[in-house]
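Just the one chain here, laid out as structure tokens, in the form predicted on its own.
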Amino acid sequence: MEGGYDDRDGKIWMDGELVDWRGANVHVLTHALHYASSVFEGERCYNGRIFKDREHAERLHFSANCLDFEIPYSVDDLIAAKAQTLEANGLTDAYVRAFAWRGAGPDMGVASARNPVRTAIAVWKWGNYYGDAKTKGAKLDIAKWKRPSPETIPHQAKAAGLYMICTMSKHAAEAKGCSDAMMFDYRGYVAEATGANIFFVKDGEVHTPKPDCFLNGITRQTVVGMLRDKGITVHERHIMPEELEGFQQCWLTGTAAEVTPVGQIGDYNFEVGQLTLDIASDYEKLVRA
């Protein structure tokens, strides 16, 4: 078993060069550590190919722009760096974490325009995000925290600061023996899990929350397209909490989660049904094609 994420063999790409894993460090006065000025991507490499490689690199740039900074490497630079990092670590099936942040520099207040923007890529082996829930169905708590209004956060960005309430919600869920937590949004509609989008099935049709105040995940968009290609009706809409009782199936989507069935949310139970199993299988085939 490997040690902590700060104590491993291997290489991490930082600011244009590969460095030893244990030496990939930043100063304690790094701006992102104090003010969350950081964006990231979660990606998976299957059989030597990163799924949606370019889309992830483009979104990293988009997220940085949302936080008012520019990544000093182009999309093509990032794609090449990811491939270089995978090769340096001898991995063909791996999780890929690309990220960028405001580093330490002359500014140490809220404003940090003069600080350098740092960029890094790390890769490692990572199995099922939810363990055996991938086949048995995850058990979800219902979080007390809600996704904020888009007037208060750049919700389209995959930004580190937006995950603070997700971390707290997932910790509370795990303390109750759950795999994750489902969150409502600021209006009381069903939103997402702490790091994955959510789908429901009723009478052969699929319902998924409208991503108007949370991240419209790349995996989510992929699965919506797959369902429609199969001729299945997909409703992207606001979902009220009381509707949970009427849904028959449920699953989560995300780069880490892939397609994971859900068996329970709070007091509501769902079957791991055929449509859930089919879309999980189809997604697995797609990413490994």
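Counting begins at 1, following the sequence as shown. Being a predicted model, the structure only gives us computed values, none of them experimental.
We do not show the form predicted together with a small molecule, though everything after this point is about it.
Of the listed positions (207, 118, 170, 158), a single one reaches within 4.5 angstroms of the small molecule by any non-hydrogen atom in the predicted bound form, namely 158. This chain is drawn without the small molecule; in the predicted bound form, the residue among 190, 218, 142, 178 with a heavy atom within 4.5 Å of it is 218.
Annotated contact segment (heavy atom within 4.5 Å of the small molecule in the predicted bound form): 247 to 255, selected among 224 to 232, 61 to 69, 247 to 255, 27 to 35. Within this chain, residue 163 lines the site of the small molecule in the predicted bound form, having a heavy atom no more than 4.5 Å away.
Taking the partner from elsewhere, residue 85 is found to have every heavy atom lying beyond 4.5 Å of the small molecule in the predicted bound form.
At least one heavy atom of residue 195 is located within 4.5 Å of the small molecule in the predicted bound form.
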